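Take a look at this single chain in structure tokens; it is the form predicted alone.
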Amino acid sequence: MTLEIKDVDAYYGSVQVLEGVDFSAAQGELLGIIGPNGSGKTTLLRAIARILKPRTGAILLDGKQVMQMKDKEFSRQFAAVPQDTTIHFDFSALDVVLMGRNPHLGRLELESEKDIDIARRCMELTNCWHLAERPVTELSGGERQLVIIARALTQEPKVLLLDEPTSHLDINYQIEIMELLKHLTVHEGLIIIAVIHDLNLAAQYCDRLALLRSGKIVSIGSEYEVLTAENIKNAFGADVIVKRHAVTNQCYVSPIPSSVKQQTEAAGKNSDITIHLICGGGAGASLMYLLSENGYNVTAGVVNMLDTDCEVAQLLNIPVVTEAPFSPITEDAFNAHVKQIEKADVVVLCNIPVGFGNLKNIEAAEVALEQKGKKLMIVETDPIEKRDFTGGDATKRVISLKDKGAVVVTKPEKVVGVVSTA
């Protein structure tokens, strides 16, 4: 089964809110809709749910025009969970869930044992059966959300539409609901389209993402294709760092406050001191901010492209020597690195892990120490022995740097104090 949205335009009166929206979702897929406020996310769900009729284009479920379905047929295929799930009447949770059986009942027909069994199964699936006799007005936001999802599932739909299902919920309910949606696609075969504000939750659980801006889909695909710093900057106007989580290997997005960005852009313009960071693996990121904010010119290297330090350097317009992802430092990169070091007044060897692939960064520190008038600092938050993956070679060379006069600090922020008093 496939849901197809074909070149849909939608309007509120004379105002166009969706333009040329075109995508499909397959059975068993969780598609996350992301984008800034006012980008058309909720409107897209409203169009699919037939609340708003598209002016042009078509919405098809397995090749059948959704707009031409009879109401009961549509309600057996589609179910929706709205943004506002407030209920003002003292119905029990079970009564609310049983409302989902209406598309399957005849006029004046009451629910049968089969309908109650279906409702119970859905409430057990959403972990809210224990709330069956509780008035829905007494439930917490998270509990009520589970009940409303159970009501939607009781319709036995093929497509489930959710508008911000985790908004205003505690993290435990956010995770429970996203785990539930993933279960429904994998084990129940539903097509789920969900508007999600939390980009990290969307990356964690969605099979694909569609990024909306000004009523248009500007990017659709995997989390790696959609959640890029450039896409987020273009859509939200926010500066972010996008990395892969060390445990899940999935994207996570970290914002960079605009105030810090503005300060760092303004601060380095009048500096007559250049500080070079030998970094990698995120070990230099905080120092880049700190030094730039304090008015120093900053350079960095050698870091692999896609590394956190590389992305931060690019965001802050810091010159950086790069190497291909997951590649050892080549002779060309090393030579470019040395040229950067020659122009610096102070060189800082950050708290980096050292393997055979980046051992040339230690060699670069040795070159810096040999240059007349050059100050070498070593940030040693963790002992080098714990970061040495070269069989002891890196440890010996770092100890030698200390013996020859390198200044050691235990925290990155102490670098500024040492430089300012030099």
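Start at 1 with the first residue shown and count on from there. None of the values given here were measured: they were computed from a predicted structure.
Although it is not shown, the form predicted together with a small molecule is what the next lines describe.
4.5 angstroms heavy atom contact with the small molecule in the model of the complex for residue 46: Residue 46: yes, in contact with the small molecule in the model of the complex.
Interface membership of residue 17, the small molecule in the model of the complex, 4.5 Å heavy atom rule: Residue-level check for residue 17: yes, a contact with the small molecule.
Residue 37 within 4.5 Å of the small molecule in the model of the complex, heavy atoms: It does: once the small molecule is placed as it appears in the model of the complex, residue 37 has a heavy atom within 4.5 Å of it.
Touches the small molecule in the model of the complex: residue 42 (any heavy atom, 4.5 Å): Yes - in the model of the complex, heavy atoms of residue 42 and the small molecule come within 4.5 Å of each other.
Proximity to the small molecule in the model of the complex (heavy atom, within 4.5 Å), stretch among 29-37, 66-74, 363-371, 378-386: Partner-contacting stretch among the options: 29-37.
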